[in-house]
Structure formats: C-alpha cells, structure tokens
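Encoded as structure tokens, the following chain is the form predicted alone, with no partner shown.
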Amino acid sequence: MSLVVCGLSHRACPLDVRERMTFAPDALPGALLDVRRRLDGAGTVILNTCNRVEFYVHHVAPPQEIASEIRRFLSASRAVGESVFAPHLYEREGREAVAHLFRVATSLDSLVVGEGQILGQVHDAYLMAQERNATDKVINALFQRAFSLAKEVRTRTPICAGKVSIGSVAVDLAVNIFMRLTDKTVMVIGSGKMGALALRSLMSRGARNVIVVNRSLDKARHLAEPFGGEAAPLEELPQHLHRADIAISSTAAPDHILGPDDFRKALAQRGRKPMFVIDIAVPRNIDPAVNDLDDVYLYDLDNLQEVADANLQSRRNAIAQANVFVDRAVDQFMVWMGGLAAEPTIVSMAQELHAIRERELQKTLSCLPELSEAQRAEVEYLTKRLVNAILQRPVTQLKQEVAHPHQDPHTVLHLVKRLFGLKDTP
C-alpha cells in the first residue's frame, strides 16, 4: 500500500499558476469523487486553499502511478497542460507524506508560520471527504493524528506568539505606507474569513472607518456592524472605491473584478492620494496591471510571502521546538503504519508457532494420562504463555524494522517469512 501526497503550494508554485489550478468550493465534491473513480476507490482527501491544492491518497498502486493519475486529473479538470504545472508539482510518499501533512496542519508550511486558519481548512477538507465515504483506515488515522499534533504544538510551543496571520503582515505594510491608520478608511471586498481576519488586524492598529462590499448585502452588514461600518452591494463597488485608503479583496470571483481603469478613476476622485490594496483571493480579484499605476500599492499572496519570510527569521526558536513534536509524531505514526504492513506476517507467525505448540502439547499430554483436567489446562496455559513471550520481541522489532525510513518493508517481511517457513502472503 502507498501513502502519497501530490500538490502545488506557495512554496514551489507561482501565483499565476496556482490560480489556474485551484477549485471553486462547490466543485470540490465532484473533484473528490472523480479522483477516487480514477484510483479505484482509494482513500482520498483534497486540501484546497488560497495557498495550496493537495491530494492525499492511500492506495494499493505504486506511488508513481498515483502521482501520474493525479497529474492527468489536474490537467483534464483544470484544462491546463501538464507542462504548465508539472514542474511545480511536488510528490511525496510514505514518511515524507506523513511529515508534510503534519507540517501543514501545524502551520509550519504556511505563508505565515503560526497562523491558525490552516488547521480549520485541513479539518474541513477531511470532514468533506469523510462525509462522502472517501477516507479509509489509514487516511482517518493520519488526519486525526495531525489534528491532535496541531493542538499539542499550539499549546506547548510559542509558535502562535506575535504576528501570525496574513492580516498582521498586511497591517505592517499598511503602517509602513501610511505611518498611522486612525484617519484611514478600510474597504473589505468580499466577506470571506481571510478578509475578515485582515480587517480585524487593521482595526486593532487604529483604523476607524469601514466599508464592506459584498455580493450579499446581508453578509456585508453582518461583517461591518461590529466595527460600526457601512455595507454596500458588489455592483456599487466602482462608486465607493475612491473612498478606500486601504482595500482588502477576497471574493470567490473566477475573474478580475477590478482593473487599471477602475483605479485611475478612483485616484482622480481622491486627488491622487495613495491607495494600499491587498488581493488575497485565488484566483486574483485585481488585475496585476494595477501595480503599474503610481500611488497604488498592490500586494498579492506572493508579495506577502516576502514580508512573511522576515517574520520567519524571528520565529526560529519556536519553529525548532515545533519540529521536535512533528518528528516524534512522524516516528510514532510510521511505527503504527509498519504494524499494519507487518500484520498479516505477524498473524502467520503466531499461527505457525501455536500450531507447533499444539502438536507438541498433544504429544506430551498423551504420555501423561495421570494428569487431571485442571493440570492439563495449566500445562496448556503455560505453553501459550511461552509462545506469546517468545513472539513479543520479534513482533515489536518487526514493526520497527518495517517502519524504518531506510528499510524496504517488503525485503524485511520476505526474510521473516523465509525464516519461519511462512507462505508468501500479499
């Protein structure tokens, strides 16, 4: 059995490619079912966020076959040639796949290390797969361990201390541009979680005036009211854009909703006062050409990565502590996985030794007819204890050897079968 992760993320894939490969939320259930159909019902979870799209698969096929099928699926479902995204696609198997999920869930692989949103996204992805019966025993155990590890890391290390969100990174940039935020107007376009987090971060640093623009006016009001802000429907966005000193866009629109002409008009109405614009949507909401305009400071997720890297340098100690927990959890999970791989062989070993025990026991008891039933039962119990005691150390060692990162489990199991004269079970 193979445990594989294939994916594209901000670590290795540019934004202009990622936005072509991401799935709309309502398309994910169909994508999940399509992947499972292609892989004959393999245990599968798809993690799709603004920074990554990843496929976690447990299947009988070799890792290379699984990765090839996922590449074909991505190409067909996104209508993008493999040559566009394949150079950025990472493929990890076994221990490396386990370590990758654990690093993702604990936010060690996030754009901003320590941010809390990724854990909820991982949980939502797992829950969607589980509700559609797309998981199996190994996938269930893997994700459940990832959730408990993330909790452990967040409570036992300082990984969450300080500025740990894209919103907080955006605040630093805004302060660098405007020096102070108390007289600035913040516009949030869309009512997603990331936009709301960025808004809260900006308000915590002194911004006072809020406008929320959204396709649903009710949702816009719901987000604006706690900050004493106003709400407007998305179709009125061009009428209000000039009022925004700081704009945060995070809608699920498939195409750009604002372009250079929109900002030229807004700047003219503002008397060329600068605008700070954060586009945290994937696909991007704002045409990158807007960045060519004077007095508009446009940042997308790739731009924020550069700022987040500076944050990373100040968190080295917390990251080192978190990595200790991750490494230990990976070791434990691989031992458990090794136990699964070795299970049929262990069962065969036990059956073989107990069959020998039973034959020899009957020979001995036939020579001792004077024994009472209680005495015969005691002798039988003694032989069972001896066999189980003999098995204990080899079984423990076998699980560890099969789980060892530098061991070929098939070679180890084949040797054990030869030593014990067992049938070569799959």
Partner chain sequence: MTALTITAFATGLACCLAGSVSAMAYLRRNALGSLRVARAMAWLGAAALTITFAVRWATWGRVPLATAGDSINVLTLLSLTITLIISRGPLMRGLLAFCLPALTLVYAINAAVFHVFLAQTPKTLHGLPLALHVGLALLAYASFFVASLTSMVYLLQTAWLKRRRVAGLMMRLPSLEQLDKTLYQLIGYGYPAFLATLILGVAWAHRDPELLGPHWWLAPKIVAAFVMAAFYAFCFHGRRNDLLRGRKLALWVFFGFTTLLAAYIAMSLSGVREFHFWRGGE
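Residue numbers count along the first chain shown, from 1. Here the rigid core means the biggest group of C-alpha atoms that line up within 1.5 Å when the two forms are laid on top of each other. This is a predicted model, so every value here is computed, not measured.
Not on display, but discussed next: the form predicted in complex with its partner chain.
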Subject >> Partner contact for residue 255 in the predicted complex: its partner chain, 4.5 angstroms, heavy atom >> reply: no
Original post:
So, in the predicted complex, is residue 75 in contact with its partner chain at a 4.5 angstroms heavy atom limit?
Top reply: no
Original post:
Is residue 79 close to its partner chain in the predicted complex, meaning a heavy atom pair under 4.5 Å apart or at it?
Top reply: no
Original post:
in the predicted complex, does residue 236 have a heavy atom within 4.5 Å of its partner chain?
Top reply: no
Original post:
Of the options 177, 347, 127, 86, which one has a non-hydrogen atom that comes within 4.5 Å of its partner chain in the predicted complex?
Top reply: 177
**OP:** Please pick, from 325, 297, 90, 227, the one residue with any non-hydrogen atom lying within 4.5 angstroms of its partner chain in the predicted complex.
**Re:** 297
**OP:** Quick one: find which of 179-187, 133-141, 338-346, 317-325 has residues within 4.5 Å of its partner chain in the predicted complex by heavy atom distance.
**Re:** 179-187
**OP:** Can you work out whether its partner chain is within 4.5 angstroms of a heavy atom in all three of 11, 119 and 149 in the predicted complex?
**Re:** no
Subject >> Residues from 268-286 in contact with its partner chain (non-hydrogen atom within 4.5 Å) in the predicted complex >> reply: 271, 272, 273
**OP:** Using a rigid core alignment, state whether the CA of residue 278 is displaced by 2 Å or more between this form and the one not shown.
**Re:** yes
Original post:
residue 205: with the rigid core matched between this form and the one not shown, does its Cα shift 2 Å or more?
Top reply: yes
**OP:** Using a superposition on the rigid core, decide whether the Cα position of residue 76 changes by 2 angstroms or more between this form and the one not shown.
**Re:** no
Subject >> Cα distance between residue 205 and residue 155, which in the predicted complex differs by 3 Å or more from this form, closer or farther >> reply: closer
